[in-house]
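This document starts with one chain, in the form predicted on its own, laid out as structure tokens.
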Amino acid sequence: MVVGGLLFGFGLAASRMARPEIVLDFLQLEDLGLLFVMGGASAVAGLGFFLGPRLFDGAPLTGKAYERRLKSMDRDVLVGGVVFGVGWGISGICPGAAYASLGIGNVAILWAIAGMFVGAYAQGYWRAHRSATGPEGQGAD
């Protein structure tokens, strides 16, 4: 897992996805270079998902069988996606790239990382409160 994280972080830094100004230029359609990075990463990941189950009996770290985890599309997924996208657009960085950005010396990104933790805590608190007080949240994971 550490090797995977190191490769991921190195790839983000080498492709300049760890620099918020590059990501913001991409999101404003001014520099589409990151489209090639995302396409290349998707192709490699797709190849891994295709070959992994055919070459191994189980996942290398857990030993569990490869299987798809289907998730339903509901209101929470849509709201979470919108909130994530707005946060990404404002900060110019997604969570994985934020840690890689810290690794290349962008200390100011600590504000964005702190915001991610506060947002995740607030969402967990809100969900727990909603589950405890109303029938709407019962049965949620």
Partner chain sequence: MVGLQLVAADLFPRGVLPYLLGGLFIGLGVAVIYVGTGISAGASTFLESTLSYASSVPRFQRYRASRDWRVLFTLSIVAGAAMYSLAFGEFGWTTDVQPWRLLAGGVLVGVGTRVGKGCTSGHGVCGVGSASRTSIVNVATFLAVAIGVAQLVAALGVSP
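Definition used throughout: the rigid core is the maximal C-alpha set that superposes within 1.5 Å between two forms. Positions refer to the first chain, counted from 1. Predicted, not measured: the structure shown is a model, and the values here were computed from it.
Just so it is clear, the following notes concern the form predicted in complex with its partner chain, a form of the same protein that is not shown.
- Shown alone here, E67 lies within 4.5 Å of its partner chain in the predicted complex, counting heavy atoms only.
- Proximity of D57 to its partner chain in the predicted complex falls outside the 4.5 Å heavy atom cutoff.
- Once both forms are fitted on their core, a CA shift of 2 Å or more is seen for L70 between the shown form and the other one.
- After superposition on the rigid core, the Cα atom of A59 is displaced by 2 Å or more between the shown form and the other one.
- Between this form and the other one, the CA-CA gap for R69 and A43 narrows by 3 Å or more, being smaller in the predicted complex.
- If you compare C-alpha positions, L61 and A120 are 3 angstroms or more farther apart in the predicted complex than in the form on display.
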